Structures are given as structure tokens and as C-alpha cells.
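Have a look below at one chain only, the form predicted alone, in C-alpha cells format.
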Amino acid sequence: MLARVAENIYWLSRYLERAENTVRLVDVHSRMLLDLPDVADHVGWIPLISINALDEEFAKNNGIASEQNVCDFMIADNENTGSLHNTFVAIQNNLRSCRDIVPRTSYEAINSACLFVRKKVSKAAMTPGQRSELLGDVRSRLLAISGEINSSMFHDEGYRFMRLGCDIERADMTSRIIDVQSAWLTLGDGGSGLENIAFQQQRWLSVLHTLSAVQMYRQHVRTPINGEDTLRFLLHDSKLPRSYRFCIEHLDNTLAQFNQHEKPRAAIVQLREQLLAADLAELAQTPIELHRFIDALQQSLQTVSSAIAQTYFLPPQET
């Protein structure tokens, strides 16, 4: 497989996963704020920008982070490189060179989803109900695409590059969601004891909701929702598909099937050691340390991503 095609299919998978994450974040965040009526508009909506590290881009053309401003920015803004609209533009651009790799039914489904988003997504004001319906339709299409690819695509090099992209993007988003949680916990420190506990439980519940992990938490952890158990479930659990550990172990297993894998797998070994050495009880009680720990994880994951690019995508260095 040509390195250019491998890179395009890798990024196609990353953007498909990113689109689903954007849809999930906006929809779940909107629903969550309905249960927090006392939170100021700006304080309630700015975390959605921070999760995606888009604070500077948002501040250029927007003032207060109102519901309308943030949703327009995250869904339809042509100037925002991380908007749902631009994510689907990137999906279509990468799809063009993957026509012979992706199954025809999946290719047509992805194209159809791109046309749907281009037609439906705009900055025209939508009611929360209309927005939720739109996001639900997009998410259903993306889940159908994922199922179609997993069930019909031959598990060759092309499929493995898609898995690499999906696992990298999924691990990155899980860490980002937990990172923004650390800032919210700091905001809750000023209330009374019971109020603070209720606030923290609500925030950890919203994290689980964002990652579609509430039901699985209740089935397999079976404790009241709290910071330490939630962190252990989302970071260390080896059977939850969106947990950080599951993603990096699946990433390692996929890399092992390539002939050249020494550098990226060595980076994953360091990342895994860093992850499993964490004192989750302390991190759950210390938002600043949680933020620093997640920052370090993200830097290590970027090292893995760079090693993958250098091994499989970049042209060899001339002497």
C-alpha cells in the first residue's frame, strides 16, 4: 500500500471518530445543562470549547459562550477547523483516495453522510429539539458506517490503519473529557459538603454519559458514582471500548501485525507504564494534579502518533 493512501485512510478513520465525538459532546452537554439550571451560560458552555482545545479560535469571533454561539461554532462554523461541518469536509477529502480500499457500500454511506451534513448543517438558528434531532440523525449514520466497515471490510493493512486512527482519536477524546472535568471539580469546591458531593457526582455522571458508559459502569462497577471509581473505569479498565487502557492495548495489538512497529510500540510501552502507575485516588481528590496527569498522557499519546507517522507515512530521510 502506498504511504499516501495509508495516511489518508488513517485520517479518514480519525475524522469519522472525531465527527461522532463532536455529535456526542454537543448533544450530551446540552442535555446535561438542563439538570444544572443555576450554572451561568458562559460557565456552562465554555467547557465544550475547552474539551476540543479551541478556546483561541472561539475567542477570535465570539464573546460570551452562549448556547447559540457555541453550538454554531461546534456544528456549522466554516472558520472552525474542528466544527462538524469541516470534519465532514476532511472526511470527504480523505475518502477520495480510498475508493479502492473501503468497501463500496461503506464508501457510498460515507458520501451520503457528507452530503446530508452539507445540506442540513447551517448557522440558521435551531431550537434545542431540532438540534438534537439533527445530531441524532448524524450519529445514527456514523454508527451505521462503523458497523458496515467492521463487518464487511477485509482485515488487511487498510483495515489496520483504520483501527490505528480510531484508537488514537478515541483515547485522545477520553482524556480530553476527563481533563475538562478537573476544571469543573475546582469550581465545586466552594459549596457546602453535601452540595459539593452532589455537584461532583453530577459532573462524573456527565463524563460517563458523554462516553456512553453509564450503564456499563452500573453493571460492572456497582458502586455509587464517584471520582476514583470513575477514573479507574475510564482509564484502567481493559474491557470498556472507550477506556484509555483498552484503546492503547488495542492500538498495540494492531501495530504488532505490521512488519515495522518497533518505534510506535516502544512509545506505547512508556504510555502504558505511565497510565498504570497513576494514583487514581489522589487524582480524583486533586483537580490540579489530575489536569497535569492528563496533560502528560496527551503528550505521550502524541509521541505515539508521531512515531506512527514517521514509521508508515513520512518519506525516508535522505542522508
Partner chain sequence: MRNRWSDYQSPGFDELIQADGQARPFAHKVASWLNDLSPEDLSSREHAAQLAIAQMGITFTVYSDKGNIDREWPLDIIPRVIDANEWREIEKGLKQRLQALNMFIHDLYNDQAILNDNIVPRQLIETSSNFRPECIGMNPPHQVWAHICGSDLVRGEDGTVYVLEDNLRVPSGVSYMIENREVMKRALPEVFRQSHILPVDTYPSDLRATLSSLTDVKNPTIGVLTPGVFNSAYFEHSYLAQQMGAELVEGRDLVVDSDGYVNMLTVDGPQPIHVIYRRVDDEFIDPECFNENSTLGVKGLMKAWRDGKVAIANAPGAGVADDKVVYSYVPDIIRYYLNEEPLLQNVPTYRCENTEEREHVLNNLDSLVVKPANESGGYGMLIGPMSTPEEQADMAKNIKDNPRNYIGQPTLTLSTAPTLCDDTFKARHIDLRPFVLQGESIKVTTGGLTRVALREGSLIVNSSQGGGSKDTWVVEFDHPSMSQSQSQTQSSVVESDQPDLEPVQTPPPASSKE
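Positions refer to the first chain, counted from 1. Since this is a predicted model, take the numbers as computed values, not measurements.
This protein has a second form, the form predicted in complex with the partner chain, left out of what is shown; the following refers to that one.
With the partner omitted here, the residue from 215, 111, 130, 238 that has a non-hydrogen atom within 4.5 angstroms of the partner chain in the model of the complex is 111. Contact here is defined as any heavy atom lying within 4.5 Å of the partner chain in the model of the complex, and by that definition each of 102, 161 and 259 is a contact residue.
This chain is displayed without the partner chain, yet in the model of the complex the stretch 103-111 from 103-111, 243-251, 78-86, 205-213 comes within 4.5 Å of it by heavy atoms. Contact check for residue 311: a non-hydrogen atom falls within 4.5 Å of the partner chain in the model of the complex. In the model of the complex, at least one heavy atom of residue 115 sits within 4.5 Å of a heavy atom of the partner chain. By the criterion of a heavy atom within 4.5 Å, residue 72 is excluded from the residues contacting the partner chain in the model of the complex. Heavy atoms of residue 157 reach within 4.5 Å of the partner chain in the model of the complex, making it an interface residue. Using a 4.5 Å cut-off on any heavy atom, the residues of 84-99 that reach the partner chain in the model of the complex are, in sequence order, 96, 97, 99.
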